[in-house]
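Coming up is one lone chain in structure tokens, specifically the form predicted on its own.
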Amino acid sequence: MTLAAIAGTPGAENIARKTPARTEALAAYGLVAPATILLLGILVLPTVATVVLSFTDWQFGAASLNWVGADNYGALLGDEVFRKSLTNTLLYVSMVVPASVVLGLVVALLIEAGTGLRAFYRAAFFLPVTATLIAMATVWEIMLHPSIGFINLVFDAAGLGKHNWLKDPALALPTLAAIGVWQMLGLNMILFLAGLKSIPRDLHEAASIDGADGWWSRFTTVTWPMLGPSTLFVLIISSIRSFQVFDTVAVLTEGGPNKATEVLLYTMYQEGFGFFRAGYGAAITVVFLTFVLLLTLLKVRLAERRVHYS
């Protein structure tokens, strides 16, 4: 059969139209396949495996495991160490998130309002974000030394006396929170600077014409409402990063003194890799992931009502 005859057959035009569409669809599937495989292998499948493992009594090195249902979760409810670590994590988040968000916004406003050394200040405040926290935790340990540490020397010179910051149950968790604020301040500053750059200058000029001459009036009528998307993003990121606190606890306090700095991820690490109770550690991990997910959804739900994207 000739090409002319084929072209004249019924449905030939439909076949010709479908062929490019199928080719584009196959190309699209081929392009998204690597990302999909990585997503399944790195995120979805490990999460599913952790959930399944939390319903077993498996221990590292054991040749077999038994299905125990919700026994691990029931044990969590009566575990005093778990309740203490959950309480400490919530206290840590409640201290770090507001302080890091407010200070990040203040620093961003000050840098944006200045005329010189902007690059220097941005780099100086962002440096803790790029530093390895475990290495910096060692530096903080030296600075917080009860007798020769720089911070105690400053406090003593100011007449406030010396304190055992990492061994006092009343001071250990706030001290770790202060280190967390120091670490997250730079990232929040950069995010707020990006939000400030996206605000049209015409809005500030229009506000000045309408009578908003002071900086506070312009901030409340223009800057703060227009920073809604940036603020929402900073809140979510800061909350998730605060819940993930582990490095400073593992290096500086190891959960002490007397469980005063025991947090969820450190408890999970101890149960899974210290006591080899993998099933019980997986249950703590599931609770941690659920808590972070619910917190994120709650923040998005509440904050989006006041967010202005245009």
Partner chain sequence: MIALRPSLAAEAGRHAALMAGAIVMLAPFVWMLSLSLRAPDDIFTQELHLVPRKWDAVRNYLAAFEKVPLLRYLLNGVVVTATILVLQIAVAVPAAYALAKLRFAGSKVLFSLVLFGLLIPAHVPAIPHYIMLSKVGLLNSYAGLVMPSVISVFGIFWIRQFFLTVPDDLVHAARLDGMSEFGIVWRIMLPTAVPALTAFGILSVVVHWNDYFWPLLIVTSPDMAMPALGTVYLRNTEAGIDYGPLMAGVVVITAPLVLFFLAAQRRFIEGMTLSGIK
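Positions refer to the first chain, counted from 1. These figures come from a predicted structure and were not determined experimentally.
The same protein also exists as the form predicted together with the partner chain; that form is not shown, yet it is the one meant from here on.
Among residues of the shown chain, residue 28 is one whose heavy atoms approach the partner chain to within 4.5 Å in the predicted complex.
By the criterion of a heavy atom within 4.5 Å, residue 113 is counted among the residues contacting the partner chain in the predicted complex. In the predicted complex, residue 221 stays away from the partner chain, with no heavy atom inside 4.5 Å. Remark: residue 136 counts among the residues lining the partner chain in the predicted complex, judged by a heavy atom distance of 4.5 Å or less. Scanning 160, 153, 102, 75 against the partner chain in the predicted complex with a 4.5 Å heavy atom cut-off leaves one residue, 153. The stretch among 77-85, 168-176, 140-148, 91-99 whose residues place heavy atoms within 4.5 Å of the partner chain in the predicted complex is 140-148. Residues are counted as partner-facing when one of their heavy atoms sits within 4.5 Å of the partner chain in the predicted complex; in 51-65 these are 53, 58, 60, in sequence order.
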